[in-house]
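Single chain ahead, by itself, as structure tokens, in the form predicted on its own.
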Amino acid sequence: MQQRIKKPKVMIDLIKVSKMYPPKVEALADISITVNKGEILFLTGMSGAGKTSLLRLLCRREKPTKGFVEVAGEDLSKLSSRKIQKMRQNIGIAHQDFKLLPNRTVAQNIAISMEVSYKTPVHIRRRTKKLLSQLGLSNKINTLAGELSRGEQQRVTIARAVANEPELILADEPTGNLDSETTGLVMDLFNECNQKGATIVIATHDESIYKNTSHRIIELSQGYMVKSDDAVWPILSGIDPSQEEHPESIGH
């Protein structure tokens, strides 16, 4: 008797998603992507390609103009405000502009994501110290966030994003202000989170963090998905397979 292969569970499902900003700015156009639980996905493309807009849709900071966005089996368009807040407790977001509280210490900024999930003070202290050690910031634990360099702020933002061990991590240009050594620390932390089961979507310009990866890479350009290393991507994106050899022409 042939053994049935169990299909991976889906964390993210986008179907023909478009996003328009006033007056008539098309940030995303007809995007379809499926991301399985436990996957790492890299989103690449120039500034203005639509990477940040896509991440904002995944945490319901924005609503799509058209299409369907589902995260962890939930249709985000149907969630109440209360359910959206609960959902975000399972999503860690490393913002490109950091969004730290400048008059709070590094430890206090990282603790925020754990406090909303009612973690104990002992757990919060241990987790904070461990993350800062992993990111080379142990000596900054009591420093005000506003006194940090941009590279240090970026690492604190990443620590806060992963602190609560979320099911989904969204990272927007997480290595943009870092040197190669510190970039390695960040990617080691992301890989550790992934090995524990987290699904991770990384939007980046930094080719060094994905050029030798075995993970999936999707390129966006002017809101369109123009390239993917996944052999089935033309089907996922609703594109005729006959265009697979010339993906750069898609959407233009």
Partner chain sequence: MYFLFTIIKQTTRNFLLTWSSQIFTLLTVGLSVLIFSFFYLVYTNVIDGAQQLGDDLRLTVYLDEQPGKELQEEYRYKIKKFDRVDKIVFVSSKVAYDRFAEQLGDDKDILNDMPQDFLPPAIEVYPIKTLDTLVRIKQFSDYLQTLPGVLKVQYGREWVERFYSFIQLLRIIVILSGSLLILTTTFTVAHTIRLTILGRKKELELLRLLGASSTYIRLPFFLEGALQGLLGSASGIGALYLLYNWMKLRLAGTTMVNLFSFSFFEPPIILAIIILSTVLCASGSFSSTRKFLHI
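Here the structure is a predicted model, which is why all the values come from computation and not from measurement. Positions refer to the first chain, counted from 1.
Although it is not shown, the form predicted together with the partner chain is what the next lines describe.
Test of understanding: in the predicted bound form, would Asp75 fall inside 4.5 Å of the partner chain by heavy atoms?
Close contact is absent here: in the predicted bound form, Asp75 is far from the partner chain, nothing within 4.5 Å, heavy atoms only.
is_contact(Ser113, the partner chain) in the predicted bound form, heavy atom dist at most 4.5 Å
It does: once the partner chain is placed as it appears in the predicted bound form, Ser113 has a heavy atom within 4.5 Å of it.
Heavy atom to heavy atom, is Arg61 within 4.5 Å of the partner chain in the predicted bound form?
Close contact exists here: in the predicted bound form, Arg61 approaches the partner chain to within 4.5 Å, heavy atoms only.
When the contact criterion is heavy atoms within 4.5 Å, does Gln89 count as touching the partner chain in the predicted bound form?
Gln89: contacts the partner chain in the predicted bound form.
If you look in the predicted bound form, which residues in 147-177 sit within 4.5 Å of the partner chain (heavy atoms)?
Stretch hits: a single one, Arg160.
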